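To begin, one chain is listed below as structure tokens, in the form predicted alone.
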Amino acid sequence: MEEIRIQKLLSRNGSFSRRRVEELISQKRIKVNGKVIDTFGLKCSPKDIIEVDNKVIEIDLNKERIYLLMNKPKNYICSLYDPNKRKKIIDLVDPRLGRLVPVGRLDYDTSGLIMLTNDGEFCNYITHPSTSPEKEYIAYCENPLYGDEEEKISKGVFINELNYLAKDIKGKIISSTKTNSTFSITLHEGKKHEVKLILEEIGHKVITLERIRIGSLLLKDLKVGQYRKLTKGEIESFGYKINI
């Protein structure tokens, strides 16, 4: 194999995202053939000895690629490590599948669809703004309808906390009572807490939030805490080509 940038090599290996590799390089925590590296442009091959925190990373670009779809429960985190010892979604996965990483994330108190994989390039593809698929959420909120919510969302909502205009968002009213309302919110990239903040800006604090769709993948009958393997067709529905 020809040499490629270390970010791409470790990402393709499923070790870290490209962004995480750059963070580790900046922190001088990566060695290649015994030397600490300090440049993002270094090219490597699987034959090189790559260490992170003095631990050798096994490079195997021919290992089976695994792609899972999970119905994340509430009160689980998507991070691989947590100093607060909270429950992690990775703990719900059979350890025999090896090291997997979440594709993007869901908030601790949000449930619904999330993917996991050992294919770092797939992770980068799905999370990049230019290729990120549409995601749909169902939000159960405080307060009845005011009557102009769909129009406000369609015009774009300025989120003061983020100093950011959330636009290209689709909002649909599902139901309303005298005290509560339920919305479908669809967006692409999705900044941290974006759905909750959008709805708060228009007067509806979110009580529960669930992601029910990623691209063409639907929640359907996948029970809370369960996961399944994605088919080649489902993976390629995102425009990503694989060989499995």
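Numbers follow the displayed sequence, beginning with 1. Note that this is a predicted model, so its numbers are computed, not measured.
Just so it is clear, the following notes concern the form predicted together with a small molecule, a form of the same protein that is not shown.
Engineer: Which of 193, 43, 188, 65 has a heavy atom within 4.5 Å of the small molecule in the predicted complex?
Structural biologist: In short, 193.
Engineer: What is the one choice in 134, 150, 82, 107 with a heavy atom within 4.5 Å of the small molecule in the predicted complex?
Structural biologist: Checking each option against the small molecule in the predicted complex, the one that comes within 4.5 Å is 107.
Engineer: Considering the small molecule in the predicted complex, find the one stretch among 86 to 94, 107 to 115, 161 to 169, 125 to 133 with heavy atoms no farther than 4.5 Å from it.
Structural biologist: Result for this chain: 107 to 115.
Engineer: With heavy atoms only and a cut-off of 4.5 Å, decide whether residue 209 touches the small molecule in the predicted complex.
Structural biologist: Output for residue 209 is yes: heavy atoms within 4.5 Å of the small molecule.
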